[in-house]
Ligand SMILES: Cc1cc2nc3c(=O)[nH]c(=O)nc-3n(C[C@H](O)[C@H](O)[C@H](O)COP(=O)(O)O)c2cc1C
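Taking the form predicted alone, here's one chain by itself in structure tokens.
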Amino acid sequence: MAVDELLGPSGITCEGEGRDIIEALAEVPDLWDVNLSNWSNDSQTSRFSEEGFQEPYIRFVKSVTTKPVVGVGRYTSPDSMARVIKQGIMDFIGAARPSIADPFLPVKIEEGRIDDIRECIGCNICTSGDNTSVPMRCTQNPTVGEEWRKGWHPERIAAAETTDAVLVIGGGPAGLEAARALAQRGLDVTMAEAGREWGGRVSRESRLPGLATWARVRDWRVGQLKTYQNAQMYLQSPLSAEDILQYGIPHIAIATGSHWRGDGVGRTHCLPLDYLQAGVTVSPDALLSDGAKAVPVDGPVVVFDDDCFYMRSVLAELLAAFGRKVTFVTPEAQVSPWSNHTLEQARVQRRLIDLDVTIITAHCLSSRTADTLELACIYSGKTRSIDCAALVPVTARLPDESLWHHLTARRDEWADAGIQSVTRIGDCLAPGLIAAANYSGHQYAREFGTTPSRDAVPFLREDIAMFRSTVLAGTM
């Protein structure tokens, strides 16, 4: 039996009717499955809730019934799971998202392999697949949704048939996953990262408000790589095309990432906006690297969101928390509309309102002076002017592919250098979600050394006609 608690004092609350109902029916069901209201409350993200966030609402249930109690609350840590059971708060823990991130979670806990657990980061990219009617994806587990379609096992990868070495350039999510999976296949892997830390965009974004758990994408892969003797990792190691040719490693995976555009081009503005140069423009990358101090001037900051997911709102939150006066401008009808798919939109908009961020929807950019920004209504074209000391355009990203171009320009030297293949992966190939970069790195490693047929379908597909005939024939 399941009891959904409605929100607010007018609903069924854990202090009032919710408790009364469970006490009255305490011994009737075989099991109590308790959670919070609708899906967006039941499956909150790590950005807006702590691990075990449902405990204050459901912990009384065990005290009024002898029947088993199961609940959820985004428990991702084995320690937290053990605590809930030992304290008698629940008898079973529902762990849907943690099991998506690592289907072998219970086995690894039982065997004491805690460091091998791919811990869920609570980003809800998994829910976005359901809401957009596409195959499920997971930021931590690139094999989810491909177990049958492509035969990708979450834990096992066939040993490589070749002993060729691989050089992975770039230590972001794509590079780390590619190197980890290649090492698991038994290949000698060398990783070179130009910066001072592993993780790339994952490390930078995990320092933004509410996104600390995203660092698990980096931490798990770095931890796994350190267990492989056939994986060598080097920080502060920028490489040029000349360096790569001199090394002569047979296979090169370029995972150098991407950067945010600063010219306004995105979903709404198809051509560069030259007038942005009339005032101070701050790249999202500068904020990711240096925080709010990256804005070099005093006065109001305008963040223009044409990306429509989390980045714009998190940067606005960062600036507002630093004490800056922030205006959020978007061509959309609401703040961060794509976050509806991750069940966060209402919380995102409420957070900005609570931080006194001014929100202007349904407007695009029109022109600019040193201290003002002119906006245009996307419906009527009517313009309005707002104060703007600095503009942060969050529009689109471009791949950091200069190394790729320099290397391909010298393709005729590859054979003499012993280079057999050069491949772009992750954001360097196509900027997207962290989950997409992770998937790209895993796909490169998984398919390394194979030559797929150009005529073969990329994945298995359901044969609806065969399914229907099987059902009608009664053989199923």
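Heads up: residue numbers just count along the shown sequence, starting at 1. No experiment lies behind these values; they were computed from the predicted model shown.
Same protein, other form: the form predicted together with this ligand, not shown, and the subject of what follows.
Looking at 160-168, 285-293, 366-374, 122-130, the stretch with residues near this ligand in the predicted complex, meaning non-hydrogen atoms within 4.5 angstroms, turns out to be 122-130. The shortest heavy atom separation between Ala96 and this ligand in the predicted complex is within 4.5 Å.
Contact check for Trp39: a heavy atom falls within 4.5 Å of this ligand in the predicted complex. Shown alone here, Ile386 lies farther than 4.5 Å from this ligand in the predicted complex, counting heavy atoms only. Contact annotation: Thr423 falls outside 4.5 Å of this ligand in the predicted complex, judged by heavy atom distances. Checking Ile249, Ala231, Leu276, Val72 for any heavy atom within 4.5 Å of this ligand in the predicted complex turns up a single hit: Val72.
Proximity to this ligand in the predicted complex, taken as a non-hydrogen atom within 4.5 angstroms, holds for one residue of Val314, Leu403, Met90, Ile100, which is Ile100. Although the partner is absent from the chain shown here, Asn35, Ser43 and Met136 each have a heavy atom within 4.5 Å of this ligand in the predicted complex.
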